[in-house]
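Heads up, the chain below is alone and in the form predicted on its own; it's given as structure tokens.
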């Protein structure tokens, strides 16, 4: 079986002193990342392999960390511009998260106009969580109706952070924001819950790609923002393998921790064990020998 591919595209000094990334540079980074997903090729063709013109594409972002530590608004903006150029109607694209309050606090402008790109939270009028519980392995949750009923193809556009329990929060744990009771799944380093939630039909059958906002990485004391342990990394991470994407994020966090003289996550008892669980469940690869990481700078 072929190795999983992870693309890491970096750009030095992409963000202003106020932390605002350059939109044109982001577009170039997205183009390069998409062009390398299936080997060198045209980014439009690779997007057209992933998405059909009639897909309802849900871009699940993470705005839990507030203004300083959320998916930057410019990141999905750059992504949606390329989706539209690849043939996806703007009205078929939704950028979303848990609540409208968290979205606006992180700098997003809400929009529920059915004829354009939509940005809204699960708590918007007429949405909310499903009445019926989804029961799957150790999971018992009500899904956001955005993920369960509206979206047909899902992108996890999360940020890369250290997590006090799971070790790492990235593309897979981002879907904790798609259920009504994520607090229920934080025992035992969030293992096996991250993997088991990801394997539910509402996520596994719809997830197309993990794209991780690694412009700023919280490498210690996450998931909350602490400036003394946050590093400007200037990268976007792409993978069709959700487990491999999270594995690559873990390795970057360990590199940053080592450079600052911090113990490894394993030494702190926070190794992201959910990755091995996910690998055993055949959700993706979590072994270095099975993952090809391609690094590029633009």
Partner chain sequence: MKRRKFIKLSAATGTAAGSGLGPLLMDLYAFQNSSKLSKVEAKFYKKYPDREIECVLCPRFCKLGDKERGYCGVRENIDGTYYTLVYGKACSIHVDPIEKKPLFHFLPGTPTLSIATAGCNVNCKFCQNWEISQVRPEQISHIDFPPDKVVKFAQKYSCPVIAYTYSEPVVFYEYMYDTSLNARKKGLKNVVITGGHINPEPLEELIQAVDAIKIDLKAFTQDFYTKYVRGELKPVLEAIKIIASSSIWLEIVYLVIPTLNDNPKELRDMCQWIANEIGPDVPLHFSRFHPHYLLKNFPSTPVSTLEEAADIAGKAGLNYVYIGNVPGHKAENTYCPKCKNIIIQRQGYIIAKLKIKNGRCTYCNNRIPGIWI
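Positions refer to the first chain, counted from 1. Keep in mind that this is a model prediction, so the values were computed, not measured.
What comes next is about the form predicted in complex with its partner chain, which is not displayed.
Exercise for review: Give a yes or no on whether every one of 8, 28 and 31 sits within 4.5 angstroms of its partner chain in the model of the complex by heavy atom.
Suggested key: No, none of 8, 28 and 31 comes within 4.5 Å of its partner chain in the model of the complex.
Exercise for review: Quick one: from 84, 110, 224, 150, grab the residue that has a heavy atom within 4.5 Å of its partner chain in the model of the complex.
Suggested key: The residue in contact is 224.
Check your understanding: Of these, 77, 104, 124, 181, which has a heavy atom no more than 4.5 Å from its partner chain in the model of the complex?
Key -> It is 181 that has a heavy atom within 4.5 Å of the partner.
Check your understanding: Looking at 69 to 77, 207 to 215, 185 to 193, 85 to 93, which one sits within 4.5 Å of its partner chain in the model of the complex if you count heavy atoms only?
Key -> Contact criterion met by 185 to 193 only.
Check your understanding: Do residue 273 and its partner chain share at least one heavy atom pair within 4.5 Å in the model of the complex?
Key -> Contact with its partner chain, no.
Check your understanding: Should residue 163 be classed as touching its partner chain in the model of the complex when contacts are defined as heavy atoms within 4.5 Å?
Key -> Yes - in the model of the complex, heavy atoms of residue 163 and its partner chain come within 4.5 Å of each other.
Check your understanding: According to a 4.5 angstroms non-hydrogen atom cut-off, is residue 265 in contact with its partner chain in the model of the complex?
Key -> It does not: once its partner chain is placed as it appears in the model of the complex, residue 265 has no heavy atom within 4.5 Å of it.
Review point. If you check in the model of the complex, is residue 98 within 4.5 Å of its partner chain, heavy atoms only?
Key: Looking in the model of the complex, residue contacts with its partner chain include residue 98, since a heavy atom lies within 4.5 Å.
Check your understanding: For the stretch 48 to 86, which residues lie within 4.5 Å of its partner chain in the model of the complex by non-hydrogen atom distance?
Key -> Only 64 sits within 4.5 Å of the partner.
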